[in-house]
Every structure is written in structure tokens, then in C-alpha cells.
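So this one's two forms of a single chain, laid out as C-alpha cells and tagged structure 1 and structure 2.
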Structure 1
């Protein structure tokens, strides 16, 4: 069925999505020519580390998660899992972040995607869980390069409604003693980065980066508000993901500001023109926790059958709520605030649940599906308390457990049935 008042754009990606894809391709070509072919210094950094420092120095940054997803996409993960086993890494160790290291230990350019990553100038990791250091130190010694560790201080008190303080009142939110420490770490990182890359870190350029990230965040907020207030969802989850993630990886660039502006403009225009990806929409759902990167079609699998649309995931507006850090005079302290809180606010109950409830209310969602990766203890911490808090507040939650690295273990029919059943029995239409 179709609602006459709404025009269907079910099969039309946003125009800007093509630009996002082109930009990611451009990034890769740049990395390939400069670092893989010409041997320019580059850095491997975890997704939750301050890439801003290297962006400012025009040093290419590769995230281990990106290369991990390439390995999975090229269907090479089973080979590297076998290798892990052969080398003696027990089968319960988290595998997603270690796949890239396996290509280095394997040292077979014929097999590794793009011939394997060349030796980086530095590997940067943030010691959030307990195992990052153990993987990074091994990987760095396999490359024969330096490693830099950002230790992760712990928040003493989880002040409610973090998103209301995170952008302007971050000094209160994140606790001054932690900010002091993080600034010290960033200064040390800048010194090391200058030494290993032979480039200078320019504070004026850096300040410009930081302002541009705030502006991109404002655009993403505008897009998010347009989606939230729309009667019927104007943009698909895969479209949201590719546009916001491209801007996140390229944060600080003028491109990211322009792109997020075009993204917000296009969504606002769709709302104004009463365009919807599912005119027969009856239910709005939230997607919680990890993204389902290898199967983004799943997000849309319940539109025809149930009129149920996934309208939000944390990637929809984390760039605006989590990344934006306004500052008067100290951009480095603002970066400290951003880089030490990255995933904590997405995973610590009640921070996680509080933010989700706010989104559920603003978007008018009536249910949520949470994806918990199996075989990775770190990413399941806090999920039970989060579900507890959401359900107590009246938001039904379905938890799905799945492997994030091995697409072969995803039983699509079973997952579709599970979500379908959840919508039919627990979500109020």
C-alpha cells in the first residue's frame, strides 16, 4: 500500500550519497599513490583515536577497522582465522581488530588485500579495553615501527544527559583531571608524530580543523532534526550511514562541511516535498549498538512486510552530539574532550540508554533492535543494563547476537524472522 500524500523515494538514494562514495574512493586512491606506491609516511590509528592531529599534518590515516572490513569484504577472513589458530591464538580472542595484524604476520602480499599494508610511520591506539595494547605492540614489532598508546582514564561520575553538556560544557562533563591528562597525552603524541613523519604540526591549521568539525556537526544535527520530525522517514539507514561516516572519516576538511550541508539540504527538501522511503510506514525503529556493515539491506527488510522503518542508529547524529566541541581559545583541550570520550558515551549505562531514549522520543520510535557482536566481550559490556533501562522506560528492545567478521555465520532468514516476530508481538503500531 502506498500513502497518496507521500511520494515514494524507496529506490532512490540521496544524490549526495554518490559524492560520499566518490570521496571514500578518492581517499583510498590518495593513500595508494602517496603511501603504498610513493612510500610517504602514513599512520595506522584506531577508529576512536584523534585522527585530527594527522589530518592537520596532511598525513594519511588508515583505521584498522577499515582494513578489517576490506579483508572481510574480500572473503579473506576465514583464511586469517585459520592462521590465527595455527599460530596459537585461542579461538575466543576477539578477531575483528586483529585481522589486519594477521596479514602482517602472514606476510603474503599475494593474498592480502591491496598487497597488504606497507610499514606505517606509527601505530596509534587508545587503551580502552585491556587487549588493544597487546595487539598493537605485537603488530608494531612485526612491522618494526613505533607504537603510541593513549591511556584511557575513567569517568568518575556519569552525569545524566551527557549530550546536553558534551558540546559546550565539556569541562564539567568529562572532569578536569581527565582533560588535563589527555592534553598531556596529546602533546606527547604531537611530538612523536612530528618526529616519525618529519612534518610540522601547525596550531592555526589545527584550529581551523576543529572549527570545521563543529560546522559539519551542526549540519548533521540539522539533518537529524529533519529526519526526526518528519512524519515518514525521508532517508534510508544505508544512506545515513554512508554520508555521515564519510564526513566522520574526513572530518576537519572543507569537503566534510560542504558535504554535510548538501546532505542536510537534500533531506530537508525531501521532507518539504513529502517524499518518504516507505509511504506506508507504520512504525519507526531504532538500530542500537554495532552497525551491520556487511548487510545494510537488512535495515530495509521490514518496510514492505511490516511498514517498519529503521530511522536512527548512533551514526545518525554522533558526529553532531559526540564530536562537536566548541572552544574559546584552546582547541587542543577541545580535542582532548572529544578523543577521550569517543565510545564511552555510546556504551556506558546509563549514558548509552539515556541518549537512546532521547532519540526514541524525538523520532517517535516504538521499538529498537540491538546488535551485540559475539566473541567480543568488550562490545557487550553494558548492553544488559541498557536494555533494562530502555524497557523500563517503555521501549521494547530485541537483542540480536551475531558475528561481525564472518558474514557466513549470519543466518539472514532466521534474523528476518526474529525481527519480524518482534515487530508483530512487541512493538505497538
Structure 2
């Protein structure tokens, strides 16, 4: 069918994207009023930790990687990474996780985004690598606050196609002995959270939150399926990121359920009306690994020149595939299942590779671009093994060695040329 049969929405963000941005602005204003100005307790937590506990207690949660992306988006990361080296920290620290700590050590409210983060009641981290505990302990020491660590227990059997079991047969998928241990850690975390915040954890409220997350995940699955089924992509990657991440950070709220429904409705309407962000689309690409937060425009740089569109990233539907955990009577055990293998599913083979190949098949993608983060040894080794698995399965992959937040390491013209050459020589051949 000719390109003329598709209506271009290249310059039209989804209507719901404005609501997503407004929600994040509202969230920040609420955090600033309550915690930065009034001194209410809040928690800094890693992205792969159970925020739901604090949401239930109405304790604001700031994700370290969210603040890292804000620093990067405001073009402040070069200053703080230069500071990191001046303070004697080695250059191979994972930049995504170490950047926020630098704003605390710098202690310059005039420079730091939003004046810097105030002292939290607690810093929560999951020990997914060999550096997390040291970074978190030093950051907590600089603040003068407590830290809590969740262990990353080992899986004895890596069942293929984890996404097929993750929603309902998660007891089998994640193994009962691991769930038993994680539940005990979550109970200990709740006790610490109650002590440092002075608030009580209500199990009935928590159960309602867990059910709402499942409903939001169902809506995200609808959106994902609509994009995958579309002959030409109806929504840009920056739009996907804005909407799904706003729902992810606000997961468990009624707003997240309503917003993801509106998001899916609008995408389905675009598909029905044959609207496309690139009517001349020839190629669908996947973006692998973490987002390029300081330059999300990069995702759209190849539409006019090559007819190549990034249609999927791990943010597109992990809220659906990884977060949904249906349960009958034990929401805390379901929460353990939700958080205990998140990083392994997103960043480590074979689970990462199997999930990506499923997306490539469903979306009809003919190539992928993977950002391999500088300094993050665990993720770097895992992604390189994943590339080998994807290539062996017939999916061409271009690896870009860079940082999600360190603009000093990014030569935009060179990266555009490299991806363009990849499309021409390995994808559109």
C-alpha cells in the first residue's frame, strides 16, 4: 500500500503525553512542598527495588536513576563527572548510579537541579553488582541517613520464555526458596521503613495498590500489541517513554490505571485511522538497554533519512510483562516476585535475549541498536553476551559504547553516522 494511505503524525505527540508531563510536574511539586520545604520523610530507592511499600505508606520516593536523568537532561552531568574525578573517584564507576551522589558531595544548591536532594529517611538499594553497596553506603554516610540493602539471590534454573510464566505462574518461575527469603527481607524493610518515617504500613491499602498495578499493566499490554500490529509505527519512542515511565513511577495509583487506559485508547485509534509518525517507513528497529536520557531526539534521527523507526525499548512493555503479578491471598509474596529478578530480565542473558527476540518477532523489527554503558561492568558483560545470542538468532545488532547520562562521551554526529551506516549495510540490504 502506498505511503499516501497513511496520515502523518510526525510532529504530533500523543494528546496523553501532556498529561504524563503534567503528572510528573505535579509529583515533583508535591515532593518539593512536602519533603524539600516541610521536611517530611522521603526515601531514595533504586529503580529495581520495591517502591510499592513506600507508596502504600504515602512516603515520597525519589529514584536515584530518575534524578540522574534530570541532571543529565539539564546538561549538568559534565560538571559533576569532572568533580567525581577531582574528588579521587575512579572513572570506571557506573555513571548512572554515581552521578546523584556527586550533587550531595558538591553541596551547592545553586548548581544542583532543584537545589539538590535533601537528607532522606532511608536509601534503598538492591545488590545487583559489586559496586552498589559501596556507592549507597558512601552516599548514606554523606547524608547521615540509614541504608537498606536487598540481596540478589541466585536462580538455580533459568526457565526460557519467562514472560509466559511471570504473571500467574511466578512461584515456579522465581523458585519458592528465593521467594521465601525475599519475603523475609521485605518484612524487615517494612519494619525499618515504619521506624525511620514514623508511618504505618497498611496491608489492605497495599493489596489494592498491587491490583491497580496489574490493571495498568493490562493497559500497557494493549498499547504494546497495537504498536506491534501496526504496519507503520503510530507513536514515537519519546512518546512511549514519557507515558509509560510516568505510569511506572506512579504505579499503584488510580491515575496510572486511568492514564495507561487513555494511552492505549489513543494508540489504538491511531492504528485504526492509519496514522503514522513516518509514512515512508521502511525499517523497524529496537532500542536495547537503558534510555539515552540527555538526547531522546536521537531516536527519531533516522526517519527522514532512512525511513527507519525505533518502535520498541524495554520501557515499552516491562510494566506489562515484568510488573504484573496476579495473586489470590499474598500480595507481599507477589511483590517479592515482581522485584527480585527485574534486573536479570532487563539486562542479563539468557532472559534478556529471549525477551528481545520475542519483541523483534512480534514487531517485525529487522535490526537493533544497543547502548552498552561505560563503567557498568555487570551490564556491559551481560549485554555483550546478549548481542552474541541475538546475532546467532539472525537479528543484526549495533553496539554503541556510551553512557545514559554522561554527554561528554557522546559525539552526536559520529553516532548518527554509525547508526546510519548500520542501517544501510546490515539492515536494509
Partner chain sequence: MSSDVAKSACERIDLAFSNPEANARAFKDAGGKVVAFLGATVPVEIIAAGGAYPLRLKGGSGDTALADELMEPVRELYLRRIFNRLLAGALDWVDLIVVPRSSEGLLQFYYLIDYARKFRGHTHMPKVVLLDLLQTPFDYTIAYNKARLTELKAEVEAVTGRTISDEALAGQIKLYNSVRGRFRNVIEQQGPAGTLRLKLASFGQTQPAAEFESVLTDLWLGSSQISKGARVALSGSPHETADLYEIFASSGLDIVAEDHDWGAGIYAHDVAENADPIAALEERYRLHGISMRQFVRAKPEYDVSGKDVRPEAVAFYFEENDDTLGWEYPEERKRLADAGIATALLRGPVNSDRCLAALKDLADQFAARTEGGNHE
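All figures in this text were calculated on a predicted structure; none of them were measured in a lab. Positions refer to the first chain, counted from 1. Basically, rigid core = biggest C-alpha set you can superpose within 1.5 Å across the two forms.
The chain appears twice here, and it is structure 1 that represents the form predicted together with the partner chain. For residue 107, a C-alpha deviation of 2 angstroms or more is recorded between the two structures after rigid-core alignment. Annotation: Cα of residue 160 displaced by less than 2 Å between the two structures, core superposition.
Superposition of the core reveals a Cα shift of 2 Å or more for residue 80 between the two structures.
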